[in-house]
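Below, in structure tokens: the form predicted on its own, a single chain.
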């Protein structure tokens, strides 16, 4: 009996590798957008985009009241949208430590270009983190902000983030002339660096919080690599005076920090905040200074760096708090070209 032979084209189909078929299917699968959320029509989607919500993750991490206020929706509608976004973005459940480690590989490191500081921070300043830098006046807090703003614009293979910088200035301390000096110190084009740094002056605490919300809209058109608030507590400290207003101040500060941390997570960006200090008159020994903001700021910060002056124009940076690094200190200098070992 004659045996049937498969047609030539059919045998070729069977020879397609399984890995290639899977890859083709993954390429065809469209990326989900806010229009894919159940109950979100064109009008609602437009409201969400106007409020700065372009991605599912940005919606999923909001509270119902906040989303309702910012997108001008009903709270019940906002809650349904958030729950749908959580399911579609797959952030509602527990994940294994292995999966979390894989997600951590997305974290980038911004080099300070100072070996001692980078060694202290195991390679540099992490994205998706809120870093607090505090110290007394003249300790170099603003200098670190300026230097990291310049470094952020550098390519990733050179220790930068190849991203734009959002700078919220509350004390009128941002100086483009200093950016030019630091850019030339690294051989960068000062005009190109300044073009990627977006500065806004905050005139009070309410304006400062509003500017943080405005970053959500700005991030639609630019690659935000870093957000700087210099200084975080200046307006809050001046406007909420006395113990009677302490609770209100801490609540607003906590809300502001929550918004900043959300921006860090959604944009895979670094948030750097500088902070003032106050004296402890009852301190009998040790350093009598402590940072403003209390436990609210201490818990919200991923990393805390304490800066102080030393002899010969040197500075000392001490790592006070970190989720995975030991405490330690390093010495560096602030010169005309920027921060140096």
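All of these numbers come straight from a predicted model, not from anything done at the bench. Numbering follows the first chain given and starts at 1.
There is also a form predicted in complex with a small molecule; it is not shown, and the following applies to it.
None of 252, 235, 178, 261 but one reaches within 4.5 angstroms of the small molecule in the predicted bound form through a heavy atom, and that residue is 178. For the options 128, 219, 111, 142, the residue carrying a heavy atom within 4.5 angstroms of the small molecule in the predicted bound form is 142. Residues of just one listed stretch (220 to 228, 132 to 140, 100 to 108, 200 to 208) have heavy atoms within 4.5 Å of the small molecule in the predicted bound form: 132 to 140. Within 4.5 Å of some heavy atom of the small molecule in the predicted bound form lies at least one heavy atom of residue 276. Mapping the unseen interface onto this chain, residue 341 falls outside it, with no heavy atom inside 4.5 Å of the small molecule in the predicted bound form. Within 4.5 Å of any heavy atom of the small molecule in the predicted bound form lies no heavy atom of residue 214.
In the predicted bound form, the small molecule sits beyond 4.5 Å of every heavy atom of residue 49.
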